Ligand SMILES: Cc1cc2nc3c(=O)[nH]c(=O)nc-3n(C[C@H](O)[C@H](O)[C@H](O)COP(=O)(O)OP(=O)(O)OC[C@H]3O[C@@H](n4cnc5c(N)ncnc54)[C@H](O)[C@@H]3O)c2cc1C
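Given next, in structure tokens, is a single chain: the form predicted alone.
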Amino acid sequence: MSNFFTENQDIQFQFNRIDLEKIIKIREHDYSETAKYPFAPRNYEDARDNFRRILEVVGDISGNFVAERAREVDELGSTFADGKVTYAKGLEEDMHRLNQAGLMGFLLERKYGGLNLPISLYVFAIEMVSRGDASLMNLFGLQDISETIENFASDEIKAEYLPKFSSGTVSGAMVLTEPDAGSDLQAVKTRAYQDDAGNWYLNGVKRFITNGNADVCLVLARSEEGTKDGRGLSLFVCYGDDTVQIRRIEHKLGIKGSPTCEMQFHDTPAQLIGSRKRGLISYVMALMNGARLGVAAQALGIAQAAYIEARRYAQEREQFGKSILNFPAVADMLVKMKVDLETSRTLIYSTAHAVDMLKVCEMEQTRLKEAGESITDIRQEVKHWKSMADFLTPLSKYIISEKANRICYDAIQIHGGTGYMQEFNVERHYRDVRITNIYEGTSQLQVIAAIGSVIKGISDKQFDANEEREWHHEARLLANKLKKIRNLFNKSKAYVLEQEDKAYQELHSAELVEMYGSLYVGYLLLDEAAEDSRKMLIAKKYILDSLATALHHTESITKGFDTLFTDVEQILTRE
């Protein structure tokens, strides 16, 4: 028996220190909802008690129900016959159990039957569900779809769809990509048109759609004839009725329980979300950011599962008369895995906090506008938190999914030949995690999304303040190491900018993002170490390794051999 919430000490640490007081006060309208909903929290302490109980339920279901079915779900996978998709039996049982627990309206307001919880809590839940079964997260984690409807659709559409999501009577799909429009969504060709009465319909083919067989689809389509870029795209919601044909499902390396569909719309009735022409520019970008944070949490959950398997195997497996955990090479791999896991949590909860702050500041801005009060101060807060969310979300997706892939790789390495066999769970985790640094935007696209903020120095003032702080004992030594990393980053950034070559900047963007990200995480870790002495060991390992990496990156950027486009033809023309 295992509860993935109560038995994970690092998750407990993060939950106990997370500060949601301002966020919850605004979301709960200063705790006035108790008049209408008796189960709504009366104050912050009451809300935290409620959060703990909910996460205990998620941890229990994930550890004692979902995880037990994951191997069979992987073996059976989703199947396709006669135009219909069928989930693996275990996956259907998982969804039924989550529905029974009332967990499918995590983010929605109570008036739609939801739990009105912040993103930070949702991240805890996604990590635990993904640890149980990464495939299941692709159904449970699609709650961003209902949140997008809540944020941007008309009141009539919200009233029609959102209670169905909260009750678990419908599932959702985010229908964006096409055969010729993968990451480049501006190339979407699916057509949206209106009849004489103004009703909308959809025609076109979509590909690589997670859970495309869902009951409700959010569809990006071209509503403006003659346009070829993102300004001609709008977002629509429709039912997965008989006009939506599933043509096939993909045969994949991992997450086999989650169906990935190719689908065709045949004059499918649809409703417009928000305003025309803002589908990609506003709504899908918001939807994608939520999905990217979810994938980062998914990667973290898979990596946690792989680490637990590797640690257990290293303790139990004996070679040359002793446990292999006692071999320095194996112990070092496990330490790196553990440090990567805990520092990833530090980053993802900071990111979730920024996303939550953006949400409640926007809510407050709306309230002040409606009351005819000044919005000058809150507008600045909205701007700040939007900038932070736009920086931290791709940073988290990039850093955490890459680390998770490395953790799963090392978990197999620790198992040796047995880890290559299907009888061991690490083989499944290794296959499942591989998609996390690809879908919802590859790591290379996350770097492109983050580099602008890095070049502008979005956290420079925060770093300046940290450099002025009075650190004590070992923290002072580590703070000095962070200063060295910053100097190396500044040297590398200056060198890149001096080249005045966009291709050269793109070539070294990943190194710059990694160095800047390590500064951001490094200072967060020093704050954690002030609360828990064990965290000083995590901070020490992370910061010293980051310094070594920064030295390498700086040499590569300022003195390395660059395989720029002039060299590509000579190097790649021979097989």
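Computed from a predicted model, the values in this text were never measured in an experiment. Numbers for residues come from their place in the sequence shown, where the first is 1.
Another form, the form predicted in complex with this ligand, is not on view; read the next lines as being about it.
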One residue of S374, Q422, S183, N487 in contact with this ligand, assessed in the predicted complex (non-hydrogen atom, 4.5 angstroms): S183
Selected contact from Y239, Y495, W471, F208, since only one has a non-hydrogen atom within 4.5 angstroms of this ligand in the predicted complex: F208
In the predicted complex, segment of 77-85, 124-132, 379-387, 171-179 with a heavy atom within 4.5 Å of this ligand: 171-179
This ligand contact at T260 in the predicted complex, heavy atom, 4.5 Å: yes
Close approach of Y430 to this ligand in the predicted complex, 4.5 Å, heavy atom: no
4.5 Å heavy atom contact, I255 to this ligand in the predicted complex: yes
Exercise: L358 in contact with this ligand in the predicted complex, heavy atom 4.5 Å: no
Residues in 428-456 with any heavy atom within 4.5 Å of this ligand in the predicted complex: I435, I438, Y439, E440, G441, T442, Q444, L445, I448
